[in-house]
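Encoded as structure tokens, the following chain is the form predicted on its own, with no partner shown.
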Amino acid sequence: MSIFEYNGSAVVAMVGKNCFAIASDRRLGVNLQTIATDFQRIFKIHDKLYIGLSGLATDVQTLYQRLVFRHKLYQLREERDMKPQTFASLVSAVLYEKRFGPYLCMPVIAGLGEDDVPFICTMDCIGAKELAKDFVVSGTASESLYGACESMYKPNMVTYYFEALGLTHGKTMEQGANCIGVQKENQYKLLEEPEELFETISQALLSSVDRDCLSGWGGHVLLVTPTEVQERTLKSRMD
């Protein structure tokens, strides 16, 4: 068994319209033995930037503490928060400088950049970045997550929702908003896109960890918009 599978993990990040969601499982195990069911894998860097760390639990906590230290130094020097793209480069450099004895974890980075444009990426244990515009996954359940996310994720979910109602854009947009109890189109986009994203990432995570015996025992989801952060806990099979 690979050392990356020693504790088990599942992390996924997904992009919406001016928002993003990042989710992880809650199981901490030693091979097939469950040690804890409330292990934290998603960490806050600042209000619009989060990192999820899959892999060996001890290295997850060590790497997070080191990244917080580096970000606080940046804040003191620059007097501003780090952009997601800059933070991704920092994480990549921190991992690569330890390439001969690497941190045994694979990060998933998600944040809101300039003009609240979402940014997500993942990387391996030596910092090779993989950028995406829809979703990224990591952990022992990554194969299941890829399949679930590819089948469930749709870009611009507001458009798909209107099409499901049998409506089109233009003069019937106001009518579509009324159908779901919201009066204006811009309010609909602000309120409903994150909810659609939450449902999609939650169902993808839960269906994936049910197919992986090393991860599961519930989920932890963070939904980040330009104005708020929603944190929710999912219940799932406990076997």
Partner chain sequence: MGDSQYSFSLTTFSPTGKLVQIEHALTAVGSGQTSLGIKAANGVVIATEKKLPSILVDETSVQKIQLMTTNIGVVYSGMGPDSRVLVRKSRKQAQQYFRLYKEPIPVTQLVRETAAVMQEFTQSGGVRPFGVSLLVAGYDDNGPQLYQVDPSGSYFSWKASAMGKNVSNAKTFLEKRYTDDMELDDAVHTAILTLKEGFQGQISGKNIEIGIVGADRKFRVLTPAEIDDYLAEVE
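Just so you know, these numbers come straight off a predicted model, no measurement behind them. Numbering follows the first chain given and starts at 1.
Omitted here: the form predicted in complex with the partner chain. The next part is about that form.
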**OP:** Spot the stretch among 90-98, 105-113, 138-146, 118-126 with residues whose non-hydrogen atoms come within 4.5 Å of the partner chain in the model of the complex.
**Re:** 90-98
**OP:** Indicate whether K154 is a 4.5 Å heavy atom neighbour of the partner chain in the model of the complex.
**Re:** no
Original post:
Does the 4.5 Å heavy atom contact test between K72 and the partner chain in the model of the complex come out positive?
Top reply: no
**OP:** Mark R80 yes when one of its heavy atoms lies within 4.5 Å of a heavy atom of the partner chain in the model of the complex, and no otherwise.
**Re:** yes
